[in-house]
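As structure tokens, one chain now follows by itself in the form predicted alone.
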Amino acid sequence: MPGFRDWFRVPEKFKTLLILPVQIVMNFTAIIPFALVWYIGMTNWSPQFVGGDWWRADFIGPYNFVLAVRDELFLNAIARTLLISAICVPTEFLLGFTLAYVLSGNFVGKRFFTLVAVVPMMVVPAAGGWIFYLMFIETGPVNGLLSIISGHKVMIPFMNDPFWAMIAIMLADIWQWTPFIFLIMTAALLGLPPEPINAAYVLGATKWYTFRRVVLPMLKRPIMIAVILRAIESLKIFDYPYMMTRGGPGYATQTITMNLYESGFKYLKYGLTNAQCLIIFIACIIVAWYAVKPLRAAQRGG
């Protein structure tokens, strides 16, 4: 059986043979839940109506998907989450990158400031949400500080105002996840080869010119990785709006994950929630495919 023996003799085929069992297990364990989610998304399953048995639920085809794209709360939650991501991710990147660049130099107290910079990321998000909630309530430190600055008592209801509630949530997200960008960019800056940078200085280039023409091009891949990872992660925001506003006032700060949580666990719309999850899942795959294109192009370019 020369064909069978080739799998052990040819290195490329032998590598495939080694990873085959893992691939079979991983695909098997991934396909079954995905198929189940897809099927339930095609039913009207809700435990309060059909006795809790999903296989007894009526098959209604793509009707849940039609309901999902007509659901204003769901669509608004998507738009709100994208808005948070569009504002927070660039802000976190600019702050994290600036912090990494400043702390990459040598000065007294560098270790202390580096430790302080990464502490927010170590805080449990739910605890961070509670801390920011206490800070922004009417009798909290933020209003207290504004009272000291203005000279009269300030009682802004941050958590009851849609605009300020959203600002508070964004500030909490920026506070916690700027260290993530800081760590990635610090590692990237410390890994840069010194020769091109020193050569630029020897040739008379200024610091700004060297940074713009030498340092930034070498950081292209780490920057793309940091932004893509943070952008994907930002779509999962749940702890801060849940702990600080419960999605309110009304639904003004409800995000995608909060909308799915309420639809599934609070209102028990299992079929509709599965359809909404699939829509988000497919949309994320499409966006991720195009998002990593520049990274793949950079890898091909060496």
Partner chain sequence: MDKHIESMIYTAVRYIFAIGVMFFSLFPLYWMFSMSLKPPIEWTSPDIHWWPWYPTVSNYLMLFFDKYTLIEWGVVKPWEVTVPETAVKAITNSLILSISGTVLSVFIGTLAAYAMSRYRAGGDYMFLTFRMLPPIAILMPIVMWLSTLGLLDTHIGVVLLYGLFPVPFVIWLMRSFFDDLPREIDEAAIMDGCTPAATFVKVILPLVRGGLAVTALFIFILNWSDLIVALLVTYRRAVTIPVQIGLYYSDIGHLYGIMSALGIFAIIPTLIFGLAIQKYLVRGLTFGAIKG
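Values in this document were obtained by computation on a predicted structure and should not be read as measured data. Under this definition, the rigid core comprises the largest set of C-alpha atoms superposing within 1.5 Å between the forms. Residue numbers count along the first chain shown, from 1.
One more form of this protein, predicted in complex with the partner chain, exists but is not displayed; see below.
From the list 146-154, 85-93, 70-78, 160-168, the contact stretch for the partner chain in the predicted complex under a 4.5 Å heavy atom rule is 146-154. Contact check for T29: a heavy atom falls within 4.5 Å of the partner chain in the predicted complex. Although the partner is absent from this view, Y209 stays clear of the partner chain in the predicted complex, with no non-hydrogen atom inside 4.5 angstroms. Contact between Y63 and the partner chain in the predicted complex is not found at the 4.5 Å heavy atom cutoff. Although the partner is absent from this view, P141 contacts the partner chain in the predicted complex, with a non-hydrogen atom inside 4.5 angstroms.
Note on the partner interface in the predicted complex: the residue among I232, I174, L192, V214 having a heavy atom within 4.5 angstroms of the partner chain is I232.
Contacts to the partner chain in the predicted complex (heavy atom within 4.5 Å) from stretch 17-34: L18, I19, P21, V22, V25, M26, F28, T29, A30, I32, P33. With the core superposed, A291 shows a C-alpha displacement of at least 2 Å between the shown form and the other one.
Relative to the superposed core, M26 shifts its CA atom by 2 Å or more between the shown form and the other one.
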